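Next up is one chain by itself, shown in structure tokens, the form predicted on its own.
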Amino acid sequence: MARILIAGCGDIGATLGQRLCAAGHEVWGLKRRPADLPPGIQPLAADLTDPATLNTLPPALDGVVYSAAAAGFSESHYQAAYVAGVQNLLDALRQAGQQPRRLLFTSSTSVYAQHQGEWVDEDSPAEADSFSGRCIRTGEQLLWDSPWPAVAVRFGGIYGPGRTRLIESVRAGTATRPAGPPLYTNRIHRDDCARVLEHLLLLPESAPLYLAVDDDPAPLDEVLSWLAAQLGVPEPPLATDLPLKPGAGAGDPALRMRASKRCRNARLRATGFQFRYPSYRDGYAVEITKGGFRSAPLPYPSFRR
């Protein structure tokens, strides 16, 4: 039985914690207000941005998962979550004389600047110059520079329970398909995120970096059209068919600068990990059924090619 701390125990952390508890491990969930944690996860009220609250960590930890998320999309929020929070936790572990066997850091494929449909893997340069990419890379490096073995897990776009915005936009008729060259997107289901973290946390030997995406880096156009067919609604129109305001979904030029890369999961697959949802079709089909999203076509015209 391992003793595991999940720091920043939100949705993914709680899902991971439940799996670890079910496997017989002792798990603590650290968050500002831990009263809503699922049964089995021991609550630890603390603030990763406030070092004074981190002096009561559970002793003799075997593993630590850092899964905090920024409270907002600003440089100060990302600095707090992915730099200051990481440093504060590492300092608290050192001061307590902890000797964890492995640290895990939930990172993002947004650290890559590639946006021309290139294939990327763990050896590709990660040089996104956005504040978010810079802060996340700094957090990764802080863990790699710590005295303990550390693994960064770069997740693609996460979907699943409570993350159905794309389904809802297609169903409501507000989604638009991007015009121009394919805009490649990379995804992973929430449940597979937790399973990846559990797998890597308990793996006997681990590399320092993994890309965690499913097997299907698909063009956004294709994903939106498939969702429309499953929902029984008209295919979303091309962005060029409608007037768009700045920042309006798939037609936003900034989206093309952030996306359109194809991430390889070969290193993760080589560890023996098996996806429950190897394609967006597998995962979204479950969410559509569970969420009761299927309905008769909505009253707006189809813009099929």
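So that there is no doubt, residue numbering starts at 1 and follows the sequence shown. These figures come from a predicted structure and were not determined experimentally.
One more form of this protein should be noted, the form predicted together with a small molecule, which is absent from this view; the next part is about it.
(message) Please pick out the stretch from 158-166, 127-135, 226-234, 201-209 that is in contact with the small molecule in the predicted bound form, where contact means heavy atoms within 4.5 Å.
(response) It is the stretch 158-166.
(message) Taking the small molecule as it sits in the predicted bound form, is residue 264 in contact with it (heavy atom to heavy atom, 4.5 Å or less)?
(response) Residue 264: no contact with the small molecule in the predicted bound form.
(request) Indicate whether residue 13 is a 4.5 Å heavy atom neighbour of the small molecule in the predicted bound form. (result) Output for residue 13 is yes: heavy atoms within 4.5 Å of the small molecule.
(request) Answer for residue 108 alone: is it within 4.5 Å of the small molecule in the predicted bound form, judged on heavy atom distances? (result) Result yes; residue 108 sits at the interface with the small molecule in the predicted bound form.
(request) Examine residue 49 and determine whether its closest non-hydrogen atom to the small molecule in the predicted bound form is within 4.5 angstroms. (result) Residue 49: yes, in contact with the small molecule in the predicted bound form.
(request) Using heavy atoms only and a 4.5 Å cut-off, decide whether all three of 196, 275 and 281 touch the small molecule in the predicted bound form. (result) Looking in the predicted bound form, the three residues 196, 275 and 281 all stay beyond 4.5 Å of the small molecule (heavy atoms).
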